[in-house]
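First, one chain by itself in structure tokens, the form predicted on its own.
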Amino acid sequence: MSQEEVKNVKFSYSKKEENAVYALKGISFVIEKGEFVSVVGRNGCGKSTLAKLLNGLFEPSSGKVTVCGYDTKNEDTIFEIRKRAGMVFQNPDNQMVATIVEDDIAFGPENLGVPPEEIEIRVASALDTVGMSEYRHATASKLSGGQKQRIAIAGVLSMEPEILIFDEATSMLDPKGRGEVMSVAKKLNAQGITVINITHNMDEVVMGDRVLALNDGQLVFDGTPKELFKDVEILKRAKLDLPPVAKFRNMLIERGIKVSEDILQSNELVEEIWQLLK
């Protein structure tokens, strides 16, 4: 069952055709329920534009975007789309709407008209899911960047979305904060939520089931992380780098150490080296 469908989509920030410079140039793909999809590409390739199209913040200049069967151009159903496709943005401070954590998380369901007793349940559940229950009564501004992003995720979860879109949500965080957020993303995906991670971090890409690579507003790759990092021509075309583990793997291979060319994650590499040492 598809949850997101992008069909021949073009997007320009100018409404006048004669001035149109397209950020996206006729891309098409389908995302199925329960997938973990990474969207990658260099700055200016159209990643963040695509993110905003995927939950109806933007409308395509031409083509069609559907979310859970709803056309994002249909104003009568945009509310349904926003309920189903939640987004976590780059700067956690820009997503806070209340001083106290629990009030911030309750904001979304309150605006959806959810009864107070149900909001109480949702806030507790969302905090537990992101591992932040002990911070329920904390002042949001005093949290670390990673903790703030986890609260932002909890705020989205309290609206019970089917799709979670990360728009470079870890780019302003330190390694610990990035790890916290991506750990939550994997946990939610394992629970059945579709995750779309817009990122430039190659370590995050290997965590997904599938990768969409953009270059100059065009979709240049759609496949698995292992397929992407084996395709030298696509990596060059999209101006993408290898993840650190893959670089280290290649260095070992160049020095005659026989490890698998498919390795992309550190635990896989450690296990293979351990087997070689036995």
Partner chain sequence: MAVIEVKNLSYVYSKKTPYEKKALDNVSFEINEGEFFGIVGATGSGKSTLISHFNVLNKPQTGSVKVLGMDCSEKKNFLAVRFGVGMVFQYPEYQLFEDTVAKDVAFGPKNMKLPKEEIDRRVKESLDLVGLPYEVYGERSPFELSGGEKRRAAIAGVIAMEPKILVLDEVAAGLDPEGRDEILKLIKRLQKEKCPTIVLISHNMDDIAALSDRILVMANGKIELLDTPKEVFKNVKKMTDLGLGLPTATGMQVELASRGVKFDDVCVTFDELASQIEKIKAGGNGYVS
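Positions refer to the first chain, counted from 1. Worth saying up front: this structure is predicted, and the values here are computed from it rather than measured.
Just so it is clear, the following notes concern the form predicted together with the partner chain, a form of the same protein that is not shown.
Visitor: Look up in the predicted bound form whether S28 has a non-hydrogen atom within 4.5 angstroms of the partner chain, and give yes or no.
Guide: Although the partner chain is absent here, S28 would stay clear of it in the predicted bound form, with no heavy atoms inside 4.5 Å.
Visitor: Is there a non-hydrogen atom of D174 within 4.5 angstroms of a non-hydrogen atom of the partner chain in the predicted bound form?
Guide: Taking the distances in the predicted bound form, the answer for D174 is yes, it comes within 4.5 Å of the partner chain.
Visitor: Indicate whether R42 is a 4.5 Å heavy atom neighbour of the partner chain in the predicted bound form.
Guide: R42: contacts the partner chain in the predicted bound form.
Visitor: At the 4.5 Å heavy atom threshold, is V21 in contact with the partner chain in the predicted bound form?
Guide: It does not: once the partner chain is placed as it appears in the predicted bound form, V21 has no heavy atom within 4.5 Å of it.
Visitor: Thinking of the partner chain in the predicted bound form, which stretch from 28 to 36, 207 to 215, 66 to 74, 42 to 50 has heavy atoms inside 4.5 Å of it?
Guide: The contacting stretch is 42 to 50.
Visitor: Hey, with the partner chain in the predicted bound form, do Q90, L269 and W274 all fall inside the 4.5 Å heavy atom range?
Guide: Every residue of the spot touches the partner chain in the predicted bound form.
Visitor: If the cut-off is 4.5 angstroms on heavy atoms, which of these, I193, A140, M182, M202, is the one near the partner chain in the predicted bound form?
Guide: Contact with the partner chain in the predicted bound form is made by M202 alone.
Visitor: Since the partner is left out here, which residues of 146 to 169 would have a heavy atom within 4.5 Å of the partner chain in the predicted bound form?
Guide: Just E168.
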